[in-house]
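So this first bit is one chain, no partners, the form predicted alone, shown in structure tokens.
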């Protein structure tokens, strides 16, 4: 019993630690314009590929722009876009999966076959094709990744509904005359949110990597907007001359993705402990 309580306490501590780190990153991205030591968009031929110094803590890029300022501004672009994309795909996929699992029949068949078609293509390959057709830009990159992103939540939500709709409390709600909408929103949805939230938390890092990948290929965020993937792409040809221009955004991406992935694992552990209890 004591060992179980110890592991539960440890899971909650890990959750609060990574929740605090994720909150710190989000707060940092919000106040980024106030923290930038220099204008992230001002170019200077005098300071091209300048090494880190007091004026430029992380050096400059090929255009003489402050890397530190662009990493801070890139946090806003990368984190907000990934969180927004996960929120949209979470909502759309959960609603479609809820509808498919509850009504079944033709509706279920249409939604699930559409999901199967989307899953038939590798997500990144399809995203590259869509982004290449639509052109560069953050909105187009998010749309390209979101086309397949909703399928994970739809399939999971449908499976949860199929399992929960046989429960006695759901049958009691149906016999009491509750409408399908009320049962889905007040009875089914609260009981199926756990696995969906866990997947959403882990998908933030995945979407962040996807957006950075598209930007690295030149079909995501376009210059001069600051974004970590495009910063790496811009400076990769000068990696031997100015390695700081690549390492700074790369480390920012790695650390941010690790924090959000660990947050997702912590949420899963806490929910698993709650289920065991």
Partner chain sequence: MGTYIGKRMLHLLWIMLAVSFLTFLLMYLTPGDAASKKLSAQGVAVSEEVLEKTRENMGLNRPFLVQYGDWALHALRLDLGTSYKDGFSVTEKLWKGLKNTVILMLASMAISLLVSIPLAFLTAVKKNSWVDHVIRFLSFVGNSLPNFLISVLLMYYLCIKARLLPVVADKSLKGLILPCLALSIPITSRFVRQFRAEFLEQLCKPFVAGARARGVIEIYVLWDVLHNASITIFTIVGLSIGTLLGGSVVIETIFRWPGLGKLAMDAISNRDYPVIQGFVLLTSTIYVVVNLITDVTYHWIDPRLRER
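Everything numeric here is computed off the predicted structure, so don't read it as measured data. Numbering follows the first chain given and starts at 1.
Same protein, other form: the form predicted in complex with its partner chain, not shown, and the subject of what follows.
Stretch in contact, per heavy atom within 4.5 angstroms of its partner chain in the predicted complex, of 76 to 84, 165 to 173, 111 to 119, 93 to 101: That would be stretch 111 to 119.
Even though the partner isn't displayed, in the predicted complex is residue 129 close enough to its partner chain, meaning a heavy atom within 4.5 Å? So residue 129 counts as contacting its partner chain.
Answer with yes or no whether residue 254 is in contact with its partner chain in the predicted complex, where contact means some heavy atom within 4.5 Å. Answer yes; at least one heavy atom of residue 254 falls within 4.5 Å of its partner chain in the predicted complex.
Proximity of residue 216 to its partner chain in the predicted complex, heavy atoms at 4.5 Å: Taking the distances in the predicted complex, the answer for residue 216 is yes, it comes within 4.5 Å of its partner chain.
I'd like to know if residue 197 sits close to its partner chain in the predicted complex, meaning any non-hydrogen atom pair within 4.5 angstroms. No, residue 197 sits far enough from its partner chain in the predicted complex that none of its heavy atoms falls within 4.5 Å.
Of the residues 180, 139, 106, 125, which one places a heavy atom within 4.5 Å of its partner chain in the predicted complex? If I apply the 4.5 Å criterion carefully, the residue I get is 125.
What is the one choice in 32, 58, 246, 226 with a heavy atom within 4.5 Å of its partner chain in the predicted complex? None of the other options qualify; the answer is 246.
Give a yes or no on whether each residue among 232, 250 and 261 has a heavy atom within 4.5 Å of its partner chain in the predicted complex. Yes, all three are in contact.
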